[in-house]
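The chain below stands alone, shown as structure tokens; this is the form predicted on its own.
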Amino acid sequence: MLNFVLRRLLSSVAVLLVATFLVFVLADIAVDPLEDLRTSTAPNKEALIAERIALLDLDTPSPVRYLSWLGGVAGCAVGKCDLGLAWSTNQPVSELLASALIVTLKLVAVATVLAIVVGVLVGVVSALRQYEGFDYGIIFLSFLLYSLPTFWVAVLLKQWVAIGFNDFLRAATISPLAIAAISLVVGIVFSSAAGGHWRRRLVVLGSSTVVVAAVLAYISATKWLLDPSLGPVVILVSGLGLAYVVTSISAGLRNRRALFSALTTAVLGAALWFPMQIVFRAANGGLIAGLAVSAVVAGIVIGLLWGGPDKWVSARTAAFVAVGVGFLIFTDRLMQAWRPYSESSVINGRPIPTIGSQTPGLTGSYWVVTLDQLTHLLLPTLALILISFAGYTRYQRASMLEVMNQDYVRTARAKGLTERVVIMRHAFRNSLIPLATIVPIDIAALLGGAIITERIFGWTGMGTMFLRSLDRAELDPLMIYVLIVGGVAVLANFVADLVYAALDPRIRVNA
């Protein structure tokens, strides 16, 4: 393993050195930082040209300047970073990179995780319902979303999700016809996904339709969207439902210790809603992160305390439930800041923004500021999810279908294993191997900046920094962009190899 890591590390450094050198030389030939001065009519034109040549050291050959730039980057290892200067704004590249990288990470991280989780989940269900109504519907939706250009999706989201929803909040009531239509559509989707005998589908259709209709009717009658909240009762009921779902997937409902661990976690989590309202008064990023870690640890401890021969299965199940219940409590506290946020003078009753990463001039508590950041993330995140979701769904469906036809899956069924064990332990894990190549590379590409999405929604991330450095002929920001994206791409390939080894025991990285 150590030899593998060292070999990959050396080869990665060599690849980055060659790539950055070639880009530096080619960019130095292609861009002209003196172009604006050459066409200038200023009386001191020659003096300005000489000053910029001296500032950028343009008289020195590009290979020598590359070595100078590389030395500044290498100084980061000893705390003496010199990433160069964005000469058009006289801003150090380190400051420019810090702000752009944070914006891109905020934009990409949530979208990527949600797209992968939802895409893989839907792809698995689609494969299990092959040639049924749900499968055909997902195939159509996937190809539709995959074919739509990003800018068109962004425009639709601005019109219907932002402007349309903000207009809807003036009344915040849903018509009976809309309630019936939405409930029926949701019921049809759930019944198609459930599959099985027609009686089972009718039960799922009827129950889901009634539940959704009741929820929508309550939201409309109470105008819940103007002042939303969950409360301990909803959190408890949702937590108990989550406990059953997670247990059925992770351990199976026959594993009573795992089920009781999950139910105990859900009940304790709901009971903690009351003291958490006091704790949240001093909320900040560090506190929320600490509480998230504490929730995972608490779930593991509860699972271990229930014991049994497979106590770590119980611990894993309880940990997932603890994260889910903790997220519900966090969401409930965010909802409590909705009215102060939407009624503030700078928001003026239109809480879903269409541009920017934050609202200028907005002040308030940690929860108001966090809610503002999340609402600004909503549209660009949805745009990225819809496009990425289509690809992940198609990849996962194809991979799952291929695995389900393998001999070892048929052997597992012949041994009398339950369908949950066959799918989760034998088929699902192996179906993730192709995605182990796609996902890291997609993450590396997205980290380079979702250029179109950033431009449409007014985010100044890595993609915007790249375009501006090209437009202004600034070599230092361009090279840092290439270094970051290239480094992440190389790291993504390394991670993919490790994921291969984790998913497939036949693969050994130290072979």
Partner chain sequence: MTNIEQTLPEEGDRLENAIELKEVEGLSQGQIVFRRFVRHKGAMIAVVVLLGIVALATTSIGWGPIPGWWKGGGFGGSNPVEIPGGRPTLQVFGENGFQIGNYPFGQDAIGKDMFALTMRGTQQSLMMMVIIGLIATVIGVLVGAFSGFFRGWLDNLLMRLTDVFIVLPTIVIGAVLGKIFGSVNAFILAVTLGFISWTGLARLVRGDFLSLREREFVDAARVAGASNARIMFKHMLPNAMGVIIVNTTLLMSAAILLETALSYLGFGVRSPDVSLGLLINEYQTAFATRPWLFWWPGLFIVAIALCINFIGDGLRDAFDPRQRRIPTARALRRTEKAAAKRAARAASVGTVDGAGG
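Note that the structure is predicted; figures quoted are calculated from it, not measured. Positions refer to the first chain, counted from 1.
Quick note: we don't show the form predicted together with its partner chain, though the next part is all about it.
Q: Within 4.5 Å of its partner chain in the predicted complex, heavy atoms considered, which of 54, 64, 42, 26?
A: The residue from 54, 64, 42, 26 that makes the contact is 26.
Q: Heavy atom within 4.5 Å of its partner chain in the predicted complex: which of 22, 9, 495, 501?
A: Of the listed residues, the single hit is 22.
Q: Applying a 4.5 Å heavy atom distance criterion, does residue 346 contact its partner chain in the predicted complex?
A: Flag for residue 346 set to no.
Q: Taking 4.5 angstroms as the cut-off for heavy atoms, does residue 394 touch its partner chain in the predicted complex?
A: Although its partner chain is absent here, residue 394 would touch it in the predicted complex, with heavy atoms inside 4.5 Å.
Q: Even though its partner chain is not shown here, does residue 149 get within 4.5 Å of it in the predicted complex, heavy atoms only?
A: Output for residue 149 is yes: heavy atoms within 4.5 Å of its partner chain.
Q: Considering non-hydrogen atoms and a 4.5 Å limit, does its partner chain approach residue 485 in the predicted complex?
A: Residue 485: contacts its partner chain in the predicted complex.
Q: Suppose contact means any heavy atom within 4.5 Å; which members of 351-366 contact its partner chain in the predicted complex?
A: The stretch 351-366, when checked against its partner chain in the predicted complex, contributes no residue at the 4.5 Å heavy-atom cut-off.
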